[in-house]
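To begin, one chain is listed below as structure tokens, in the form predicted on its own.
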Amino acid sequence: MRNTGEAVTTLAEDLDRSGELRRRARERTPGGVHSNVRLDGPDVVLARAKGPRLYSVDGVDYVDYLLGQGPALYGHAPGFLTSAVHQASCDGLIFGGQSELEVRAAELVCSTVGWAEMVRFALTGTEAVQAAFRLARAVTGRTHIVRFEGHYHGWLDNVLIADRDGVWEAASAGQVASHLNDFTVLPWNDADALADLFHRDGERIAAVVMEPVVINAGVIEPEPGYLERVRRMCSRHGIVLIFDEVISGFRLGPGGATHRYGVTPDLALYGKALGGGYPVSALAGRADLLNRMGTGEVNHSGTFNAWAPGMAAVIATLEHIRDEAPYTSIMAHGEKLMAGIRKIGESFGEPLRVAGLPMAFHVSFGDIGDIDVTDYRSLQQLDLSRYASLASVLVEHGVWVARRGVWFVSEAHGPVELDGTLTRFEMAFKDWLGR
């Protein structure tokens, strides 16, 4: 919508400048985007972001519940964060040596999560995942890794997989399929399946990696006792347990999913909310494991690792979490938003399944009473494609969301955004039903 209060209109006809820029982008950039995740995104070009909103080059504003795929825990460009990063940038970006900022950032990560003894920084979650795999293989002397259906661990050849008629295989042309040979993919939330695999092949398994709450696919929580049993089995078999908290870390609370569910991994990966929107990731965990990197035995390198502005972003974000925790307001907004979305669906006789956590939840269509969503397979029983079509109309009405159904909430979302979002959602729903 144009900046005229909360009046709701369909926006497609207003995207003149976006259309021209998208045309130019396609001439110089494959698909007109720099991440394939955005190929099916809105045909809109954004000019800026502030707080809980995005603004397009066409003068349209959107209430943002994608938040850059989750990093903007405090909303876009919060003053405390941009000021800290600007100040650090004025003193240099990369040093090719150590800085006080990285020492303080490492101390804050360990004290905030409450269980990790050491940390290594990188830029992306994908890099941190690979470092964890290499480390687990080095300390165990084994090569095999167990992962789970629907969990995302990056886009590199050895982790990017897709479901092809029940078989998990390489997702992209050009992938080296043999790079997947050292991985076994199991259904999640099924401890018996993991126990059976450990019984047969436990001596060759280096690590188990999982999202401890599957925000990437449906915001699915672990079944009671599942994480605890996995922890016990990994300890018994000498297998490194890795939690991929790139999305859940610091979003669910200072200690992430590890603290929420009371189960401690050996290694964990953090990113996204860790830097509040600046590119930074971390591999954290037990000192006896991570010290293998400090001796030089296990290589982990990167020119931009612990870059100064990124470390300033980590410090500012984690100090703000410590001193002005955002979780009460995020949870309050999320709970009201989830309830409001359900109510709108019911008012049109089209029940929406709204499930997950107030900080990150999932919206879809499906037979709510008969489907118990506990893993990727059961999630597929919902009418996900129908929701994806609704999401496209929501964007037209000024609500920026992902077609895959995941909504993220930030501390910047307030009563004005709540009321405006529900008004826009209702108008979009009515428009969508009439198409």
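One-based numbering along the sequence shown. These numbers come from a predicted model, not from an experiment.
What comes next is about the form predicted in complex with a small molecule, which does not appear here.
None of 297 to 305, 162 to 170, 358 to 366, 241 to 249 except one has non-hydrogen atoms within 4.5 angstroms of the small molecule in the model of the complex; the exception is 241 to 249. Contact check for 147, 189 and 221: none of the three has a heavy atom within 4.5 Å of the small molecule in the model of the complex. The small molecule is not drawn, but in the model of the complex it has no heavy atom within 4.5 Å of residue 340. Of the heavy atoms in residue 152, some are within 4.5 Å of the small molecule in the model of the complex. Of the heavy atoms in residue 158, none are within 4.5 Å of the small molecule in the model of the complex. The closest heavy atom approach of residue 264 to the small molecule in the model of the complex falls outside 4.5 Å. Taking 175, 130, 124, 99 one by one, only a single residue has any non-hydrogen atom within 4.5 Å of the small molecule in the model of the complex, and it is 124.
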